[in-house]
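The chain below stands alone and is given as structure tokens, in the form predicted alone.
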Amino acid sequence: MVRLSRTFFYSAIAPAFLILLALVIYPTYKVLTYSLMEYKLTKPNASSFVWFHQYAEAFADERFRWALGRSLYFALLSVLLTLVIGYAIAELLRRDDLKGMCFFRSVILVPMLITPLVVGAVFRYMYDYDYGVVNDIIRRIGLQKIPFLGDPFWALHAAVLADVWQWTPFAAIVLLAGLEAMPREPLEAAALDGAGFWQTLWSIKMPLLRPVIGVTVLLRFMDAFREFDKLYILTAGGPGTSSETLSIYVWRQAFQYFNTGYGAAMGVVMLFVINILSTFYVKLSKTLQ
């Protein structure tokens, strides 16, 4: 019976292990291997091990440092706006005195269900200088039209707004669950003591929502930091390199310039940056509790 049980156990986990091996373990191994090699797609037989030389080269690369900074800026700004707007929407959705709340709770999930490529394409048309709906509204209210995708300042921020639009529903739904699960006694006591909206928010709601906010920030930061699809469709890193984030620069090195080894090294650096910042955030959150 013991042998049969073990056979059944290994047979049951074998498909999951094979999928994990094919989709996670083997690709990770190849990326780590290529990151230690001077490997080019145009000369695959001329590759050689250079060990950590490409990592040092990456940090000495000014374009890499700027791309890393833009990725951090993009992720932090997107997470901040997503969290603030998501909380405001969550507060509205938990009001039962407004009609159609059940309908809006369902409809709000639609942006999350759209693929990032489609979101990028739709926003690219909306941002069009001559025919886009955004500039049409700006013109109708008497303001000067903005070259969203052609201006070095606006290009990255336009991509941030597209990312915020798609993922604010995620923050809203998670924060709504946290608000619904919040005990009523502290809120009722604060109301009896005459606490205002901001006092209740910062002294009661935020401390109680800290675990939910922590999970939301962590998941959204990891996703926004490696954002590629929407950025590439919207700006492709342009104009020039003004909106070139680390994910786009890695793609260009690996598949446009064919420096696969160098691109793999930068990809590993991206992975380590995400892990280090996420670990630091988790430890900081535990310290503040």
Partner chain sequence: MGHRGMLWVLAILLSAVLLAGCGDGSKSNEGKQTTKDPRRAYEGTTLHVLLKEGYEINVIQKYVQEFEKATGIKVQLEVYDEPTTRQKYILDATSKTGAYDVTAVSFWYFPEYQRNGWVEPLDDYMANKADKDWFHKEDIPQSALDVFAAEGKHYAMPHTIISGMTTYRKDIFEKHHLNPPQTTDDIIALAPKLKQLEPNMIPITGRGAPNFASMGTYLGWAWGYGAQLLDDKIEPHANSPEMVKAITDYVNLLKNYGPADAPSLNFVAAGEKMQSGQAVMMFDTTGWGTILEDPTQSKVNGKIGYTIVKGPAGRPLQWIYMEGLAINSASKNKDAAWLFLQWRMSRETTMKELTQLGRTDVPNLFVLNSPEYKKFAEEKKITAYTQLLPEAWKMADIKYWPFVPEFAEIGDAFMAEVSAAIAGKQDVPTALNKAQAKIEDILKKAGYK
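The term rigid core refers to the maximal set of C-alpha atoms that superpose within 1.5 Å between the two forms. In this text the structure is predicted, and so the values were computed from the model without any measurement. Residue numbers count along the first chain shown, from 1.
In what follows, reference is made to the form predicted in complex with its partner chain, a form of this protein that is not presented.
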Item to check | Contact test in the predicted bound form: Gly178 vs its partner chain, heavy atoms, 4.5 Å | outcome: no
Checklist entry - Contact between Asp128 and its partner chain in the predicted bound form at 4.5 Å, heavy atoms? => result yes
Checklist entry - Hey, in the predicted bound form, does Tyr281 get a heavy atom within 4.5 angstroms of its partner chain? => result no
Checklist entry - So in the predicted bound form, does Pro147 come within 4.5 Å of its partner chain, heavy atom to heavy atom? => result yes
Checklist entry - Candidate spot Ala14, Leu41 and Ser242, all three in 4.5 Å heavy atom range of its partner chain in the predicted bound form? => result yes
Checklist entry - In terms of non-hydrogen atoms within 4.5 angstroms, which of the given stretches 120-128, 101-109, 165-173, 188-196 touches its partner chain in the predicted bound form? => result 120-128
Next on the checklist: By the heavy atom within 4.5 Å rule, which residue out of Tyr26, Tyr257, Phe52, Phe59 makes contact with its partner chain in the predicted bound form?
Outcome noted: Tyr257
Checklist entry - Which residues from 16-35 come close to its partner chain in the predicted bound form, meaning a heavy atom within 4.5 Å? => result Leu18
Item to check | Per-residue C-alpha change between this form and the one not shown, Ser11, threshold 2 Å, rigid core fit | outcome: yes
